[in-house]
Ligand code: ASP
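Let's start with one chain on its own, the form predicted alone, as structure tokens.
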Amino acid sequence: MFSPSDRLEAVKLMNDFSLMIHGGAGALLPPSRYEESLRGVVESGARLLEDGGSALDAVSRCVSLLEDDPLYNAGRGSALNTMGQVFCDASIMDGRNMAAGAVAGVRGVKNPVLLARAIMENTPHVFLIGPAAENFARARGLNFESPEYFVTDERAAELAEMQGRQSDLLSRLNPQGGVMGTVGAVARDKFGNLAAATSTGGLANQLEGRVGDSPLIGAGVIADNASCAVSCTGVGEHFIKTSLARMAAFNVEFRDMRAEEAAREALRYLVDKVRGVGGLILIDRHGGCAQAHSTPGMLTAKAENGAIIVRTKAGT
């Protein structure tokens, strides 16, 4: 028989790290196509954390892998704007000291999340945009790819279909739309530190120069050891208007909510205020994992309590 102290120690060991990733929200058909990819990414991040790696390194690794996979709307496989071009946004945040880095409107950078991290670690700034951010990436020796690398047949067909029926940009921003993309990761490492990262190619057929919530600290991402780590996905305009990531963190830090309640209440706020479309993943300061979404489905995977769980089916 375990004594109470033994049980407490067992719980601590089971919860010494947590990791959660997402690959977008929306009507995900067929969901099974994402399962192997999501599992592989979260297993890679979990191995890093199991070996004593930092939460910051884990979210960097996971989001980079998601950016490399053409299944997702980030990095390779990003949505095409009205001009048929790919422009990427990303952000990252370290819960130890709330250091943050973000980038928007960049072309050719293979892994925008690594550029966001380089900004965080090598400048006094948080946010760089456009060609100047690309120049900074070159100066730091980050990898670039040709424009063709980022454009997939699936994304080209998506844009052609939307333009062929003269689709208004906002007509697809509804709960029955396709994958509204973004990828992201949140983690709590063995030392109790939190981190979060988010990356996106934006919306298909978006206006040139449009920026969503993904690179905005407090809207699409947040990490603070005093509360939680959050990454959002969905209609960026909705998350910007509600500062949703910060709202979720407020629920943990000042309303003393655990992960599931904090995520659920943040989503309720999103829907009540702006009929918001999308979802979020969250790991609280205790290591609890949660997700919430207002769309038919959301792609997530997590490593929690020693188990890997992948969720791709609608309504889960």
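A residue's number is simply how far along the shown sequence it sits, counting from 1. Values in this document were obtained by computation on a predicted structure and should not be read as measured data.
Form predicted together with this ligand: not shown, discussed below.
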Inset, instruction - Could you check which residue among G101, G95, G75, G202 gets a heavy atom within 4.5 Å of this ligand in the predicted complex? - result: G202
Inset, instruction - Heavy atom within 4.5 Å of this ligand in the predicted complex: which of R210, K110, K190, R246 fits that? Just give me the one. - result: R210
Inset, instruction - Sort through 132-140, 145-153, 233-241, 112-120 and report the only stretch with a non-hydrogen atom within 4.5 Å of this ligand in the predicted complex. - result: 233-241
Inset, instruction - Check whether T182 has any heavy atom within 4.5 Å of a heavy atom of this ligand in the predicted complex, and answer yes or no. - result: yes
Inset, instruction - Determine whether any heavy atom of S91 comes within 4.5 Å of a heavy atom of this ligand in the predicted complex, and answer yes or no. - result: no
